[in-house]
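Presented below, as structure tokens, is a lone chain in the form predicted alone.
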Amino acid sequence: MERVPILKLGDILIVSIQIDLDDQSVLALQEDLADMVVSSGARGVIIDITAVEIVDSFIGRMFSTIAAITRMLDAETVVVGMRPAVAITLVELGLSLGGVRTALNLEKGVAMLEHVRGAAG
């Protein structure tokens, strides 16, 4: 099973998903990310799904779960790079990803996290 790499940029963790996600890799990502948020003291997480072409209901729910976990660990999550087909699929599956912030690209995701942290600080 391939693991999704997690990069640190200041107090932001960046997850760029470049592999086909299966249930095991998503569960591993959830655990790895929670561990890294705690160990690094990250205040923000960006999940870049630009390369993701297909999602199923499990993977869609896991994005919401990851956002909830990171929020409990004092970090905000932004999902960036969502393709229109992925957005349509998530809506058709009834998954609005409540509580998950989204941005069109990485640059806008970083700006969103900076704005959120500035408003909270």
Partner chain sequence: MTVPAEAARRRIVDLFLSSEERLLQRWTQVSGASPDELRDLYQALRTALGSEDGDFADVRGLLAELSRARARQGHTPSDTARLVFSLKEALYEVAEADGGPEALRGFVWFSRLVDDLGLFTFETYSAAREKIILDQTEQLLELSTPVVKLWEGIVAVPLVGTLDSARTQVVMEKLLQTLVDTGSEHAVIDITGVPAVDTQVAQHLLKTVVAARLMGAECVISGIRPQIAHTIVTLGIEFGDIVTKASLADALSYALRRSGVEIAGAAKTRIAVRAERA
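This is a predicted model, so every value here is computed, not measured. Residue numbers count along the first chain shown, from 1.
Just so you know, the form predicted together with its partner chain exists too; it's not on screen, but the next bit is about it.
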{"property": "In the predicted bound form, the one of Val110, Ala103, Ile17, Ile14 near its partner chain [non-hydrogen atom within 4.5 angstroms]", "result": "Ala103"}
{"property": "Contact flag, Ala28 vs its partner chain in the predicted bound form, heavy atom cut 4.5 Å", "result": "no"}
{"property": "Touches its partner chain in the predicted bound form: Ala75 (any heavy atom, 4.5 Å)", "result": "no"}
{"property": "Contact flag, Ala34 vs its partner chain in the predicted bound form, heavy atom cut 4.5 Å", "result": "no"}
{"property": "Heavy atom of Ser39 within 4.5 Å of its partner chain in the predicted bound form", "result": "no"}
{"property": "Residues within stretch 39-57 having a non-hydrogen atom within 4.5 Å of its partner chain in the predicted bound form", "result": "none"}
